[in-house]
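Just one chain follows, in the form predicted alone, and it is written as structure tokens.
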Amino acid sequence: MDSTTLLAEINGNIATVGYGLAAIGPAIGVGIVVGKTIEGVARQPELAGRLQVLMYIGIAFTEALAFIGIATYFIFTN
């Protein structure tokens, strides 16, 4: 089986791959936000409560990107 025949047999929607790639960004972003919060708490333990609240806000904004990615997937699948 040559490569042309193999490519002809592959079918589906590229939006699925696009959403998979779009989910990588928010995952990296959440990792950075949580890591920096831990670093901040290690430096200033008395600000742990305030930093935790800011961390949750940052995670919410970062996860909004994932929701945009999945909405884009559903828009382009039809």
Partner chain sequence: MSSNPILRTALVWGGVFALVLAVVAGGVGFAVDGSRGLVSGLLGTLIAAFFLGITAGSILFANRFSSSDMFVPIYFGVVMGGWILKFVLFLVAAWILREQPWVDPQILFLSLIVGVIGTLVIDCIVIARSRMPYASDVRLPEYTGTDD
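Numbering follows the first chain given and starts at 1. Note that the coordinates shown come from a computational prediction; the quantities given were computed from them, not determined experimentally.
Another form exists, predicted together with the partner chain; not displayed. Remarks below refer to it.
Not displayed here, the partner chain is kept clear of Arg43 by more than 4.5 Å at the level of heavy atoms in the predicted bound form.
Looking at Leu21, you'd find every heavy atom of it more than 4.5 angstroms from the partner chain in the predicted bound form. At least one heavy atom of Ile68 is located within 4.5 Å of the partner chain in the predicted bound form. At the 4.5 Å threshold, heavy atoms of Ile38 reach the partner chain in the predicted bound form.
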